[in-house]
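There is one chain below, alone, in structure tokens, taken in the form predicted on its own.
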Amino acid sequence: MSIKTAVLNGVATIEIARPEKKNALTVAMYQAMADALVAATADAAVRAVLITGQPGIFTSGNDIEDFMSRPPGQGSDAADSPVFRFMRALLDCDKPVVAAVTGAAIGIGTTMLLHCDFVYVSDEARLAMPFVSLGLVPEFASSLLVPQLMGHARAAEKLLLGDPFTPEQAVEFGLANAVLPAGEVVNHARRVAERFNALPPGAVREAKQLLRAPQRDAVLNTIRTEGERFAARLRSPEAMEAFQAFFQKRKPDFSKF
């Protein structure tokens, strides 16, 4: 199984474990993560959730071949697709979510961090949101939240040009809490998650709800709008050229568009 889950000492761990494919996410993996988040939310014994990857790689984003063979639908069908179930489950999780970014975080590997409560980044990590270079558009409310964190100019660099950024910049932008040595990031994140065992769970849940409430409707609306455009872009000639170039290991040619 490419998603490993466990509950230990009040912490539900969701581990992305497909290192041979750089932790690229398949439809089945999205569904497994969604199910794990729903279970953690419902389990009174769980006080926090930890999301992590493998040494040197958090996730390289979507598995393009799998994603193209089973793309998310449009309209009402989109909400039932595993990727959107995962997004909604992360948004609806009322327990603190701690991310240990163990290495490269590409695409949704970065955008999911916008919806975590604590983010600790390995000093070996590289973060990037290269949606436009694949003929796509931003997702997971990143078109709303990234400009709020970074300002429009920096957000344009990251979302339009797809420029990567460093762990230190992630902290500077407010996306992450701290940069840690690669060998320490998971243990540190787990210690943070375990601190919630000593705090009143009801107060934690309500405080998290209050922190997220002012933007919840805007986030949901943005995810819906982005999702519609993302699904349409998946079928566009530009995206087809980008994906063919990826599989053929060549540079895409957008000069004809």
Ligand code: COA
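For clarity, every value in this text was computed on a predicted model and none was experimentally measured. Residues carry their position along the shown sequence, with the first being 1.
Keep in mind the form predicted in complex with the named molecule is missing from the figure; the text below concerns it.
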Non-hydrogen atom contact Phe131 with the named molecule in the predicted bound form at 4.5 angstroms: yes
Quick one: does Phe67 come within 4.5 Å of the named molecule in the predicted bound form, counting heavy atoms only? yes
Give a yes/no on whether Ala24 approaches the named molecule to within 4.5 Å in the predicted bound form, heavy atoms considered. yes
The named molecule contact in the predicted bound form: Gly61, any heavy atom under 4.5 Å: yes
Considering Leu90, Leu113, Ile106, Ala155, which brings a non-hydrogen atom within 4.5 Å of the named molecule in the predicted bound form? Ile106
Please name which of the stretches 166-174, 123-131, 179-187, 145-153 has residues with heavy atoms lying within 4.5 Å of the named molecule in the predicted bound form. 123-131
At a 4.5 angstroms cut-off on non-hydrogen atoms, which residues of 227-257 are near the named molecule in the predicted bound form? List them in order. Phe246, Phe247, Lys249
